[in-house]
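Have a look below at one chain only, the form predicted on its own, in structure tokens format.
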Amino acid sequence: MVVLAVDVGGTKLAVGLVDTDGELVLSERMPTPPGGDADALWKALAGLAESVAERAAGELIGIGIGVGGPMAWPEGVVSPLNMPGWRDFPLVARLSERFPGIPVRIHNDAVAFAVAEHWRGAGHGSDNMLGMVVSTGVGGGLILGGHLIDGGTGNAGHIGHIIVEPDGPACGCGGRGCLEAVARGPALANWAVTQGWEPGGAAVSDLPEPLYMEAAMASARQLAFDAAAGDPIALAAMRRAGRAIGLALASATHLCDLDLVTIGGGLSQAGKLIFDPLEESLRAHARMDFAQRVRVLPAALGQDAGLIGAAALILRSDHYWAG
């Protein structure tokens, strides 16, 4: 028995088969059609899903999906911010029509990441953890008492919109000073440019929309490389991000009594450049005795996390599905 797992992102589409032990048996990936309209996006995803499903050696018992928000949950009508071609797109209904007779379940891609890390990754064995992604955006999923916490609309764990600078930069959500506005990769690179850092090449803001996210994260990766080489502005940017994340995690730990935080996503790969200022900030602000036990670890599952977490919505519904 296997689950068809789907991971939908602004730059890539991934589909895989996950067995009942949580092992990714096989997977296929392709670039998300740049600037694709609803039909082009659906055609690409459906073709990929059918190609993978045809290779299933055992019974296909369900489909799990991770996709960026916002969405109507658990109905699965999606409007990912980084995929303008899909607005109010009935993704769950479309997949249910294409693969009738099996359950189709969906959640935010950051939630799928958190679920995977709790089930099979760095968070295994912790009953109270936050899984967090720091990349083109900042998202998360919350596990308390060994179970995924959905909240009233499926948006619990949205740590990217904890306020870390009340008078800070504008955020895409309409607020100011959110963690995402400070620490996401593109925002960090843009801040460094305002301080005099020169990433080289065309400015990200000069690029057409379909290329924006890829170029923005390339700039963020270059920023991490420059920080590792000792560039003072790049180092300051990494410290800025680390401090902001640590501050947000202190608040989350006090609120939720966390044992563990696992962090993944492109920016987390900067290693000590991010984790050292993060730890310093977290320890400075997590002052209650119970909060001081929280540990922060890098994620363990890499690019497979989204698929494994999506599959867990089917395979471990007792812990991760209440829709």
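Here the structure is a predicted model, which means the values were calculated and not measured. Each residue number is its position in the shown sequence, starting from 1.
Just so you know, the form predicted in complex with another copy of the chain exists too; it's not on screen, but the next bit is about it.
The three marked residues, 96, 105 and 316, fail to reach another copy of the chain in the predicted complex, with no heavy atom of any inside 4.5 Å. The partner is absent here; in the predicted complex, the one residue of 83, 218, 163, 233 having a heavy atom within 4.5 Å of another copy of the chain is 163. Residue in contact with another copy of the chain in the predicted complex (any heavy atom within 4.5 Å), chosen from 252, 227, 91, 193: 252.
Of the candidate stretches 48-56, 271-279, 33-41, 285-293, only 285-293 has residues whose heavy atoms lie within 4.5 Å of another copy of the chain in the predicted complex. Contact annotation for residue 121: none of its heavy atoms lies within 4.5 Å of another copy of the chain in the predicted complex. Although the partner is absent here, residue 156 is a contact residue: one of its heavy atoms lies within 4.5 angstroms of another copy of the chain in the predicted complex. Within this chain, residue 259 lines the site of another copy of the chain in the predicted complex, having a heavy atom no more than 4.5 Å away. At least one heavy atom of residue 174 is located within 4.5 Å of another copy of the chain in the predicted complex.
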